[in-house]
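Just one chain is shown here, as structure tokens, and it is the form predicted alone.
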Amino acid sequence: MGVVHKYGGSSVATAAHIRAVAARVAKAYQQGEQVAVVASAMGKSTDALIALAREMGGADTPREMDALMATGEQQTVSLLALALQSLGVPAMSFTGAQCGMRTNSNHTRAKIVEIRAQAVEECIRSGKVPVVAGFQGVSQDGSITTLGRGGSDTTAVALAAALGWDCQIYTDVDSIFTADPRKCPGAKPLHRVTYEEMMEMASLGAGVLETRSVELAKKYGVKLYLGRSLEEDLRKGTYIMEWNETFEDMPVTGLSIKENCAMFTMGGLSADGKDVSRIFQLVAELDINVDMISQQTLPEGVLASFSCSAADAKLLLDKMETVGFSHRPIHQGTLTKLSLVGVGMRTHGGIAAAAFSALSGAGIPYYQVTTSEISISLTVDAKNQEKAIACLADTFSLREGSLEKEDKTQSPGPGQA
């Protein structure tokens, strides 16, 4: 069995970075490992392409934007293949279309339909290293498509699934942490998390891995690892794996942080559902992603609330004004959504009580609360974000210096990863 290496934009940002990645891959190849590589566009090159498109006045044409954006990854894989060849490693670059990445026709956010990986498999059988452009595919009509945010991670996991290999995601962080270290100093590295926890954390705001890539890994049983580029000691990174009994030891695994949120609350809505339906029709027309939805039926009518990004909130308020919507919402902006995540919540009670008690004791007001089987989310005022993060992190031992509890953040033993 081989392994798919995926290198993000910061890992291939310059020619020197690409040569360093090539040396890493060459070492694995020369030690007898079967390796395939998926790479992102170099550094900020995607931003530069978007700026050029805007200069041309065509940044709102999805099909042409996809064709343009795909060139960033194609440049990287060609250079990486050349760098590998200079080190004596036979390598061949592949675009998304050439590697058989078939997608639907939803430009800028396409979904993978199937992978016809025969060309990549033949490359491997001939003793070469395939170097595949991430983030892109080809639709049934032959148009270039891109997979949206985190698309290169999705490409890597999908390729690993097609080959029956493991997948290692290399980026500019050492591992997945209990919380974003930039916002929670002392956050602990997690050396293993479950697929479910990682998907939940990603969907709730953790930006290390895209939800789709983890979902694919779980669905197809791909062993997934995340670590820092060029770090050869895999004990320092994070394994994303299936649940086992030891995951119950620590009920809360991590804290996801989503800034710049807003919350809408509307009361006195009709009990027949027509007002609520109209609100969410407006939301759908604006393609706004909402969460933390709740609805209550009160004597004075239905009370509905939901959260979205602050930018989307402005769009929705303007739309409501334009169409003359009769129910004016109570709008709370500048909020931060904090989400506690852990599969251990299934078997541990009192997590919500501990969180609410800690915030109340610290004098931090919190607002809308939603839960899933393995998460509890709430919003706080942005001005209280730092204090609330520290409060929850200390309550659930998510950062160094917290009162230690049973710790599940240890490296996996032999056979566990």
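Take the two forms, superpose them, and find the largest set of C-alpha atoms that agree within 1.5 Å; that set is the rigid core. One-based numbering along the sequence shown. Since the structure is predicted, the reported quantities are computational estimates derived from the model, not experimental observations.
We do not show the form predicted in complex with a further copy of the same chain, though everything after this point is about it.
- Stretch-level contact check against a further copy of the same chain in the model of the complex with heavy atoms at 4.5 Å: of 230-238, 153-161, 252-260, 79-87, the positive one is 79-87.
- Heavy atoms of no residue among L338, T370 and I376 are located within 4.5 Å of a further copy of the same chain in the model of the complex.
- In the model of the complex, a further copy of the same chain lies farther than 4.5 Å from every heavy atom of A352.
- Heavy atoms of A117 never reach within 4.5 Å of a further copy of the same chain in the model of the complex, leaving it off the interface.
- L190 falls outside the set of residues with a heavy atom inside 4.5 Å of a further copy of the same chain in the model of the complex.
- Among heavy atoms of A15, some come within 4.5 Å of a further copy of the same chain in the model of the complex.
- This chain is displayed alone, yet in the model of the complex one of I364, A390, A59, A382 has a heavy atom within 4.5 Å of a further copy of the same chain; that residue is A59.
- This chain is drawn without a further copy of the same chain; in the model of the complex, the residue among M199, L224, I144, A179 with a heavy atom within 4.5 Å of it is I144.
- Residues of 49-68 that come within 4.5 Å of a further copy of the same chain in the model of the complex, judged by any heavy atom, are L49, L52, A53, E55, M56, G57, G58, A59, D60, T61, R63, E64, M65, A67, L68 in sequence order.
- Core-superposed comparison between the shown form and the other one: the CA of A26 stays below a 2 Å shift.
- In the core-superposed comparison between the shown form and the other one, the C-alpha atom of A59 has shifted by at least 2 angstroms.
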